[in-house]
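Taking the form predicted alone, here's one chain by itself in structure tokens.
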């Protein structure tokens, strides 16, 4: 029978081997050009959701989808608008009206909302797209999960092997199929902002992908009648008024698009029939990037998103446009 000392030596040896194996995987993929990045999750979103309260500085809640999450730089926005606290609640591939509805129902929220969406996103079938993360925050979010996510974020920023794509299961699978991890061209941050590096992607391929996705979505959904579309927005206007009644503010914003994406949107949702009528009926300010030259001229490699090198200038231009119109204070 082995002594306690012998068993301890076995365990120490096994731990050393495990650490050596992990370091080998880490070093191998770093040499191949991969870098650690934070991975977005409902827990990371919930941390930001808990930051929407207070009055000094004023919470500036950023709602939208990928164009907001990858286009607006929270640090630059904070420097440009020191009276405000940017809170990133945009969520890739989902429209934000469920989160606007949730903030309207939250009696403790009285901050500012910058809600980025286009005419297509106001169609009622898209209103619940962000509801799953809201349900997670309302029903499952706890202080212990908060601590877990803070520690996990630290680990993901430090090590590649914190990413499941480089974990043990994925590594063993690749031993048999000979594949390599996907080279993600988006880097996330703890603030939930994302940086797109288009030198690591094929912008034309991404452009075609987005155009095909939009066309596919439109093919499955009949074009709404403009009058019916506008009438359906009354609940949205009620949410805005609920926030305003508590001293808060909502600003609707249409971020820039170009090329195929803009052509498709204008073909299906002509501005004079949809966006302009929404602007006239909205109880809160409405801004379109199409009406601000410094925003409309922002380079969009895939017709929809901004390369991270252009994010600071775009963010400052957006802040300046909001200040010039008196909607935010310098």
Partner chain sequence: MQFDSLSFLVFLAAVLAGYNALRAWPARKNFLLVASCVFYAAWNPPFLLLLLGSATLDWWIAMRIEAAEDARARKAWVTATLLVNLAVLGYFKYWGFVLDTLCALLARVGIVYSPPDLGIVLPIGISFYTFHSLSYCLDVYRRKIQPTRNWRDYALYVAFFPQLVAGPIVRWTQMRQQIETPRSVSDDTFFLGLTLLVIGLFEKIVLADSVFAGSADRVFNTAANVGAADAWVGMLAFSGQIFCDFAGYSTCALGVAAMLGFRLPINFRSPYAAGGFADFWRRWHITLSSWLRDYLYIPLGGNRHGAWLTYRNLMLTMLIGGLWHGAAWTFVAWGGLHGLYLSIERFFRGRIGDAVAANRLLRFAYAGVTLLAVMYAWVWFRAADFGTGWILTRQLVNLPALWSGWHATTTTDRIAVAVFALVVAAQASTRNIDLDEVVARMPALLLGLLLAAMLVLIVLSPGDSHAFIYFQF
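Positions refer to the first chain, counted from 1. What we label the rigid core is the largest C-alpha set whose atoms superpose within 1.5 Å from one form to the other. None of these values were measured; they are calculated from a predicted model.
Just so it is clear, the following notes concern the form predicted together with its partner chain, a form of the same protein that is not shown.
- Each of 4, 140 and 168 comes within 4.5 Å of its partner chain in the model of the complex, counting any heavy atom.
- Proximity to its partner chain in the model of the complex, taken as a non-hydrogen atom within 4.5 angstroms, holds for one residue of 233, 134, 260, 152, which is 152.
- Checking 191, 110, 184, 163 against its partner chain in the model of the complex, a heavy atom within 4.5 Å turns up for just one residue: 163.
- Stretch-level contact analysis of 201-209, 67-75, 218-226, 142-150 against its partner chain in the model of the complex, using heavy atoms and a 4.5 Å limit, identifies 142-150.
- Using a 4.5 Å cutoff between non-hydrogen atoms, residue 323 does not count as a contact of its partner chain in the model of the complex.
- A residue is said to contact a partner when one of its heavy atoms sits within 4.5 Å of a partner heavy atom; residue 172 meets this definition for its partner chain in the model of the complex.
- Contact annotation for residue 313: none of its heavy atoms lies within 4.5 Å of its partner chain in the model of the complex.
- Of the heavy atoms in residue 317, none are within 4.5 Å of its partner chain in the model of the complex.
- For residue 10, a C-alpha deviation of 2 angstroms or more is recorded between this form and the one not shown after rigid-core alignment.
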